[in-house]
Structure formats: structure tokens, C-alpha cells
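Before any questions on binding or motion, here is one chain by itself as C-alpha cells, the form predicted on its own.
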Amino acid sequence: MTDKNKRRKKLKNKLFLISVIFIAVIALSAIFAEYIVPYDPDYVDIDSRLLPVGSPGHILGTDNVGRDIASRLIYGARVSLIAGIVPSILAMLIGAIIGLISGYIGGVLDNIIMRIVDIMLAFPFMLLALVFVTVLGPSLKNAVLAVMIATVPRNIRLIRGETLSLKEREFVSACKILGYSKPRILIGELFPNVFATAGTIIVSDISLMIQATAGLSFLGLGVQPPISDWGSMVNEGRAYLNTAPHILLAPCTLIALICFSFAIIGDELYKKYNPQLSKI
């Protein structure tokens, strides 16, 4: 390995560690928000409105109605992390089950499933999520459900492709010779072999889910007031970009950092479980 590659690998390892620590800090802050936030995130203090960053008692300033931005960001982390982790896991679980069955069984069932998947994948991800949340109605639950549904078709295709490769392997042939049933092969043999791929995709998808649900909240289709949420905070702050930019920049920066962190972790995990990419 050349010195350049060593330096690149060392930098990636540092970024991976920093990303893990950053996400852990955000997660712990969200879990113990009641004990660390200086103010109630919904407390309105008109006399303290639009305070700048670094103001006494308000390290990140206040918004247009005097609410403490730091407190709202910490409480908003709960919503954003839930909106990122829960749909990522559920979307992969559903996608893995359907993808395994489709890839292993094949035939007419596989054709029907893949034609449905092709139709859904013909629409951009965000457009598909917007359609579902518009039909279901604006709320956090429906926003999470919408981005989950929009992600399932891609996961089906990914796991199906992995299954098509695995079912030709010798260990699957040996299971058939031993008389294993199809459910036993699917659950006991194939699923554990796609688990690593599924896990790395889940981690990478969390950043996508956070962005998507924040985007829906920005449009008024996700989290509804008075719940604190990063996307709705961005929406509230855009009107004050010239006079109090910190109201907009604080949630935007946090969204960017946490999505970047999850993307780095997902990328490194993917390379770890795919040796052919280890030198990239």
C-alpha cells in the first residue's frame, strides 16, 4: 500500500470515528433531552425574540417568537432520528422478505413482483413519498410511512439480486439435497447471508430518511406544530434569512452533519462487507 493510500485510509478511519461519536452524542442528547435542555422548546418569550448566537442564556440564539433554538434542536433530534431509523429498518425488513421470496421462488410470482417494483421505481423517490403523504394526510406517522413505502421497491430489487446470486451457491444446493424445505432455506440459509448487505443499506438509508422527512415537514406535510422538528424549523427560519440567519442555518447545519455522518458510516460498512471495494 502506497503512502497516499495509507493517508487516505487513515483519514477515512478518522472520519468514521468522528461520525460515530457525533451520532452517539446527538442520540444521547435526544434521549436525555429533559435533563440537559435549558428551556422548554415550546416556551414563548416575546421579549427575547431574535436573539443572536452567543446571547447570554441562549447559546444558539432564539427564533421569531423567543423560543430557545438549542432546546428545539435537541428535542427535534428525537423526531429526526426516529423518522430516520424506524422507516429504514421497516423498509428493509419488508424489502428483504419480498426480495428473498421473489428471487428464490422465481417464475410468475417473481415477474409480477418485479413489474410492480419497476412501476414504482419509475417515479422519483421524493415524488412518490409526496404522493403517499398527500393521500394519507400530514403527520409525522404518515410522513414516516410514506418514505418507508417509497424506499421498499429499491430494497426489494437489491435483495432479490443478492438472492439470485446466493441461490446458485453450493450450500443452497446441499440444502436441497438434504431435503430442506423452501421456508427453511430462505430463513435459515439465505436470510443470514443477506443480513450484512441489508444492515449496511439500513445505515446508509437513515440519512436519506432524515432528509426526506425533514423535507416533508418543511412543506407542512410532516411534523405538525407545536412539535419541534428540524424540517419545520428550517421552514420557519427561511423568512428571517436576512435579519436572523441563525434560525435557518442552525437546523440546516445539523441536518447536513448528521446525514453526512450516517453516509460515511454506511459507506465504510459496505466496503467492509464487500472486500472487492476495500481498496477504493
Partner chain sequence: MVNIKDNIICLENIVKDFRRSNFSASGKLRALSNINLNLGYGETLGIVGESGCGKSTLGKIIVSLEKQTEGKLYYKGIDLSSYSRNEFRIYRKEVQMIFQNISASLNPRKKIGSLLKTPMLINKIESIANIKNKVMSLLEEVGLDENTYYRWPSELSGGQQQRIGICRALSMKPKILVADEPTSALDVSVQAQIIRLLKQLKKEYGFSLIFISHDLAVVKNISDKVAVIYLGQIVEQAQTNELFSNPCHPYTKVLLSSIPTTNPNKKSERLKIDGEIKEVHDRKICPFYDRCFLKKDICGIKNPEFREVNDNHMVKCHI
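Numbering follows the first chain given and starts at 1. All of these numbers come straight from a predicted model, not from anything done at the bench.
The same protein also exists as the form predicted together with its partner chain; that form is not shown, yet it is the one meant from here on.
By the criterion of a heavy atom within 4.5 Å, Phe171 is counted among the residues contacting its partner chain in the model of the complex.
Proximity of Ala196 to its partner chain in the model of the complex: non-hydrogen atoms within 4.5 Å are present.
Among heavy atoms of Lys176, some come within 4.5 Å of its partner chain in the model of the complex. A residue is said to contact a partner when one of its heavy atoms sits within 4.5 Å of a partner heavy atom; Lys141 fails this definition for its partner chain in the model of the complex, lying far away. Looking at its partner chain in the model of the complex, residues Tyr39, Gly54 and His58 place no heavy atom within 4.5 Å of it. Here is the short version: of Pro192, Gly107, Pro124, Gly137, the single residue with a heavy atom within 4.5 Å of its partner chain in the model of the complex is Pro192.
Figure note: of the listed segments 144-152, 199-207, 176-184, 93-101, the one touching its partner chain in the model of the complex, with heavy atoms no more than 4.5 Å away, is 176-184.
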